[in-house]
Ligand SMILES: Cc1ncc(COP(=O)(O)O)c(C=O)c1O
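Below sits a lone chain in structure tokens, taken as the form predicted alone.
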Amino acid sequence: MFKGIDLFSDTVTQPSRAMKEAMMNAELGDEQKGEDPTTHALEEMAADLLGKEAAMFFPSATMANEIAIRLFCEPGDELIAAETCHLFFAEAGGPAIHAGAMARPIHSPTGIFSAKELRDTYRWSKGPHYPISKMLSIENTTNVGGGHAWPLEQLDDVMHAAKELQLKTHLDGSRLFNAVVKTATTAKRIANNFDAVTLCLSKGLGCPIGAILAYPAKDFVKVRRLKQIFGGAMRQSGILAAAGIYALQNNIDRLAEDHANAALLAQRMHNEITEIRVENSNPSTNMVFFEWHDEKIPPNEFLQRCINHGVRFSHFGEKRFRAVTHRQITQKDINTVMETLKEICLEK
């Protein structure tokens, strides 16, 4: 276990004492039989927040994403999404394995694209020889693309185009509430026009595990069967669902603190470390992407030196790194990170 200032991801968050107490006090039943009252309460709360008819609790957002694809796609159908999205980048080829879906990526370094780019990617050719463009997935906030929250007007334009193209639509909202805080709106507003929505509970919301898939009520039987097929049926899952309820009631507004700490880190890196080139010096949410440029300290060595000094980043590409702020990161930690980076620069 890494002990230090962990900026690897917001997935490293630990549940608070209050969240643990809520988990210990949860009313429990057999989730596989549909008898866990706390799980039902979380699902109803999430469906209401997202403006959807139904929701189901899953162990992970990756599982929820993959079940959404399987719900809407048949083998040979095309899944349209940004080339940098989590579905294509970090789910081990799941769309091809689980749904037999073809990836139809939209070129977009940020993960955000236009209605025109969607139309240009859509497969217009019809007939027995051609794959069918069936589904659009949008990641909000984007991950590898830079932690960007979609501008609401642009999102509306893309969703309008998707409806005209008769595409099924999925929102990978693993960090949806970061987008909610950034755009000063509601989750229901962002999720409004999507057929299905994934919500991760174990990132900025601070739960130890868990995710939600919201979907049309008519699809309950199929979604429940897919959950079984994927091995995701649980027993007394209320002990985990209770953490989700606590998070949705208490941990949304505080995401603004993570955004502020990311902005502070980006600004100080940009202003104080000449060896670092900050990609997003004005971060949209809680992610700072930067490149390390120093001929005497190769990127891999830089990463290891940071770890040795008690600071951990994630590594994307040869020189590209990511720092993610979260509930465990304070302004004091940002100051310590900056002192550490300056010390490493002096070690040449």
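None of the values given here were measured: they were computed from a predicted structure. Quick note: we count residues from 1 along the sequence shown, nothing fancier.
FYI, the form predicted together with the ligand isn't displayed, but the following is about it.
**Asked** Counting only heavy atoms and a 4.5 Å cutoff, which of 174-182, 256-264, 223-231, 67-75 contacts the ligand in the predicted complex?
**Response** Checking each option against the 4.5 Å cut-off leaves 174-182.
**Request:** Classify residue 143 as contacting or not contacting the ligand in the predicted complex by the rule of any non-hydrogen atom within 4.5 angstroms, answering yes or no.
**Result:** So residue 143 counts as contacting the ligand.
**Asked** Is there any non-hydrogen atom of residue 62 lying within 4.5 Å of the ligand in the predicted complex?
**Response** It does: once the ligand is placed as it appears in the predicted complex, residue 62 has a heavy atom within 4.5 Å of it.
**Prompt:** According to a 4.5 angstroms non-hydrogen atom cut-off, is residue 148 in contact with the ligand in the predicted complex?
**Reply:** Because no heavy atom of residue 148 falls inside 4.5 Å of the ligand in the predicted complex, the answer is no.
**Message:** Can you tell me if residue 91 lies within 4.5 angstroms of the ligand in the predicted complex, counting non-hydrogen atoms only?
**Reply:** Flag for residue 91 set to yes.
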